[in-house]
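We begin with a single chain expressed as structure tokens, specifically the form predicted on its own.
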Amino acid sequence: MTKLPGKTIERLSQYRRSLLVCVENGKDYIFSHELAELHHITPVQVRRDLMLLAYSSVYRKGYPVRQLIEAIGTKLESPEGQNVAIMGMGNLGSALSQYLASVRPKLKVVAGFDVDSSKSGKIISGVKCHALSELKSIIDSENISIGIMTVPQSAAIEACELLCKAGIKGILNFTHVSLTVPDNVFLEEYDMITSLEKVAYFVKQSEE
């Protein structure tokens, strides 16, 4: 299987979200220029991305929406699904658990971990929370390959190291701490502060 660039994966994921809205609105077909307008890119870029799925439009109708959603899902998702653990079952961790359960059933949060001993053994947002001492055994027994980090900044480096040592293959980092991982672990870092400051900057520019 050809490995797609990260930016292409991001766009395919964004296309799928828009296509799901199309289904809700009763739209059966969509043209590349319509998808392009929704995502502020060129129709050429959309067509290039969809060609990587070995998918082409129907003459004069565009792309069949439901079939395109299925094609994107086949490319992005593992057929048997993937299990996820959340490090830090506070407000953000519990909210992510609920959200993923409703929108991405093939990315299943099967365990949570927290340093707060009062949470151990409890079900939080439909997920059982465990002590950190159980991390390795739970990751092995539940076949967990992805970790989501929603811990405080002060605990980020330690949490990352624990996940890597436990055998996690991919980490989504919601902390503001830049992390280093082994070559066999894929790391994606989401910095909400940077995104917010970017928005604030352009709002400031428009007001000056």
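C-alpha atoms forming the largest set that superposes within 1.5 Å between two forms make up the rigid core. The first residue of the sequence shown is number 1, and the count goes up from there. Being a predicted model, the structure only gives us computed values, none of them experimental.
What follows is about the form predicted in complex with a further copy of the same chain, which we do not show.
Of the heavy atoms in Y29, none are within 4.5 Å of a further copy of the same chain in the predicted complex.
Of the heavy atoms in A155, none are within 4.5 Å of a further copy of the same chain in the predicted complex. Contact check for V21: a non-hydrogen atom falls within 4.5 Å of a further copy of the same chain in the predicted complex. Residue contact with a further copy of the same chain in the predicted complex: C164 places no heavy atom within 4.5 Å of it.
Among V110, I138, L107, L132, the residue placing a heavy atom within 4.5 Å of a further copy of the same chain in the predicted complex is L107. Looking at 12-51, the residues that come within 4.5 Å of a further copy of the same chain in the predicted complex, counting any heavy atom, are S13, Q14, R16, R17, V21, L38, H39, H40.
Superposition on the rigid core between this form and the one not shown places the CA atom of A200 2 Å or more away from its counterpart.
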